[in-house]
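Presented as structure tokens, the chain that follows is alone, the form predicted on its own.
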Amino acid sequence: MDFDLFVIGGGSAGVRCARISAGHGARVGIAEERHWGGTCVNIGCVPKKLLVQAGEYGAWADDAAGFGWTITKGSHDWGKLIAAKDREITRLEGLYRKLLSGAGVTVFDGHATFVDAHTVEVAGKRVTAEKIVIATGGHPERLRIPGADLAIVSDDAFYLKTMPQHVVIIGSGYISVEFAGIFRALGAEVHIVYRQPLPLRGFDHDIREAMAEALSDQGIMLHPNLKPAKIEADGDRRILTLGDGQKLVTDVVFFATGRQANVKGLGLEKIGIELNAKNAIKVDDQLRTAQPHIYAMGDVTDRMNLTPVATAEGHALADTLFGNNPRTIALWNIPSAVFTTPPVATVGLTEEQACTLGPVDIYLARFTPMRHNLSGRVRKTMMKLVVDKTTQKVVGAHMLGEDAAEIIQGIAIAVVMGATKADFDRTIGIHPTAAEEFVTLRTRTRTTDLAKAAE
């Protein structure tokens, strides 16, 4: 065989797996047809957070008056922002290449497809490998409605030539609410259309309610319980017709309606790799596909589509296959964040999930951050602990508010370690901070079980 391991996909999962495997002494090849670093680095979480930060600078300029500063805020230069973003992404993509070559990995630029179960063709060359990893990630979906090709998806949003002044976003998941905040902070009129009564399906109910309020407070127009019917062009403008007959005229219609695994063109049908109901690759708890020497990881398996999870899977598999250290990662108590304005962060179980396992005590606080008592900005912070009533272990922590991701990252350590509410209570807070609220929540808000949740 040409390689001990061949990796298809140069994103977070694939690069980590290739690099660590090579460090263990394996002969490794890797192929990527588009972006080294994958979605996160190029058209996902990294450039998105840079755009979020761009919007924050404008808000800080507005808020400064409450602290005695006189700041004249000029117009925003979208082209300058995108150029700066592109330079940073180019730097990071080069860094990924350098990491691979420095580890001794053979790099292939091009689309890889299976010839047989041990042979892959990439850029006109056939290579063989004892073991193969599929880590090709995912791509945004478009709704199947008339005029769908007139809309953009998240990949396109990072390369818009001009900043749209009016945006309609379809969907209410994390991509939708993040980009809604970006465009609004940079001066656009923003509408969100979604089928659910509240945004962020799957998150804790209190977080979902707080997010709807936070979006409205920014002047973002919410259209819940509605489906899009069709999109039409009117010159450079777009007309979105909703299911109730309402029409929204806009510069841009943005689909944020989910993602699909990148499995097309891999030749999986030739080698008997099975897909699940969502058209993602089926794997067992060892990341093995139907072919025991072929593995899949990251978003292409559609299990938990988060960059750190993909990276951890890649590292664990490399250690298992070539590092004499068999291990897997657990897909529970995974902290995550939504970089909205303000952000959301969460770890562990929602109240709704936890009460299916038994009664839970809920501790919840809502307050205006100290900063905004002077700035005058309408903005609330919400913090919530979900505590198992029997064991008193903290099984979930949720926050909407400034610095939520930074705060919950530390809280996640305690939750993963199995800390109890008493452990939180005897921890001294840092004053004055928002984070101290998590260790000063003394009054139980309510106790919930399945019967109360049903009500």
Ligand code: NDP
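Residue numbers here begin at 1 and follow the sequence given. Only a predicted model underlies this, so the values are computations on that prediction, with no experimental measurement involved.
From this point on, the text means the form predicted together with the named molecule, which you will not see here.
Chemist: Counting only non-hydrogen atoms and a 4.5 Å threshold, tell me whether 195, 257 and 338 all contact the named molecule in the predicted complex.
Modeler: Spot residues vs the named molecule: full contact, yes.
Chemist: Report whether the minimum heavy atom distance between residue 171 and the named molecule in the predicted complex is within 4.5 Å.
Modeler: Yes, residue 171 sits close enough to the named molecule in the predicted complex that at least one of its heavy atoms falls within 4.5 Å.
Chemist: Does the 4.5 Å heavy atom contact test between residue 206 and the named molecule in the predicted complex come out positive?
Modeler: Looking in the predicted complex, residue contacts with the named molecule do not include residue 206, since no heavy atom lies within 4.5 Å.
Chemist: Is residue 143 close enough to the named molecule in the predicted complex to count, meaning some heavy atom within 4.5 Å?
Modeler: Looking in the predicted complex, residue contacts with the named molecule include residue 143, since a heavy atom lies within 4.5 Å.
Chemist: Taking the shortest heavy atom distance, is residue 362 within 4.5 Å of the named molecule in the predicted complex?
Modeler: Heavy-atom contact with the named molecule at 4.5 Å: absent for residue 362.
Chemist: Residues in which of 86-94, 258-266, 283-291, 370-378 have heavy atoms within 4.5 Å of the named molecule in the predicted complex?
Modeler: Of the stretches listed, the one contacting the partner is 258-266.
Chemist: Considering the named molecule in the predicted complex, which of 306, 188, 127, 239 comes within 4.5 Å of it through any heavy atom?
Modeler: Residue within 4.5 Å of the partner: 306.
Chemist: Consider the chain as shown here, without its partner, and state which of 182, 175, 349, 214 has a heavy atom within 4.5 Å of the named molecule in the predicted complex.
Modeler: Exactly one residue meets the criterion: 175.
Chemist: Even though the chain is shown alone, can you say which residues of 203-238 have a heavy atom within 4.5 Å of the named molecule in the predicted complex?
Modeler: Contacts from 203-238: just 227.
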